[in-house]
Structure formats: structure tokens, C-alpha cells
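Take a look at this single chain in C-alpha cells; it is the form predicted on its own.
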């Protein structure tokens, strides 16, 4: 396969993972929330999967497409909700990338997912405190962090299983190597 054909396949993979993120985000949008603005983070599943084989530029593009796509699909693009979501998504993506690149032999996708959820929730709470609620934002921290931990462990388990068993992903990793 020529380099331009490889590039085309890789960009299509990023687009596929971004579309998957938007699909999961839309599914999550219709799930009732126990606390306003609290989300499970289903769309992060595609980011976790991408983490295992995309290069840095492709991974960054996936994170940007996920954030922008969610803002457009949910109608929050020009709102404080978009800023909170973007801060959480980018903090999560960065932390997961750093841990994956430095410690993936010692930490599974479950741990990486949990660290990403913690970074996302922390970034959102900090930004909510600065922009909206002041120090009262920390009152929501315990349920946000607990829900984020539970959801991220479940997503991490699924990502770990998919990472081990997916023939599609094995083929993609082989092409990337």
C-alpha cells in the first residue's frame, strides 16, 4: 500500500471513530441524567480505542472532531456547556495519552479510562467554579467523581475487551506498525 493510500485509510479511521463518538454521544443524550450536566462519557470509548493505534496527530484530530461534533449535534457550540465539555474532553484526552504513552505496560485501559474521567471531571469542576458557581462548584464534586469513576471503569473494561478481541483493530495496528 502506498503512503497516500495508507494516509487515506488512517483518515477514514479517524472519521469512523469520530462518527462512532457522535453516535454514542447521541445515545447518551437520551439517557436520563440523575444530576443535570452529569454524563456517562460513552463517546470516550472511541477515544480510548483510538488511543491504542492512532498517531499523535490523528489522536488530536479525533479529540477535536469529538468535541466539535458534540457541540454541533447537541446545539451547545456557542455556550458555556460547550466550554465545559471541551475542557473535560481535552483534559481527558491529554491525560489518557500521557499515561498510555508512558505506562501502558503497567496500566490497563481500565486505569487509563479512570484517569481520563478524573481529569475530565476535575477540569469541568474547576472551570465551572471559575465561570459560574465559585467555590460552590466543589459541592458537586463527590457525585461527579464517583459517577465518573464507575462509568469509566465500565468503559475501560469494554475498551480492554475490544482491544484484545477485535479483528478490525488488530488489522489496523498491524498496518500502523
Partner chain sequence: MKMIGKPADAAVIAGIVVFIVLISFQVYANRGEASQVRIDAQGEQWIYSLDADQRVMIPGPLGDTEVVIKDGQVHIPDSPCRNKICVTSGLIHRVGQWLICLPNDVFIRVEGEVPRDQEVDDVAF
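None of these values were measured; they are calculated from a predicted model. Numbering follows the first chain given and starts at 1.
Not on display, but discussed next: the form predicted in complex with the partner chain.
- Residue contact with the partner chain in the model of the complex: residue 122 places a heavy atom within 4.5 Å of it.
- The partner chain in the model of the complex comes within 4.5 Å of a heavy atom belonging to residue 110.
- Contact annotation for residue 38: none of its heavy atoms lies within 4.5 Å of the partner chain in the model of the complex.
- Contact between residue 101 and the partner chain in the model of the complex is not found at the 4.5 Å heavy atom cutoff.
- Using a 4.5 Å cut-off on any heavy atom, the residues of 114-131 that reach the partner chain in the model of the complex are, in sequence order, 114, 115, 118, 122.
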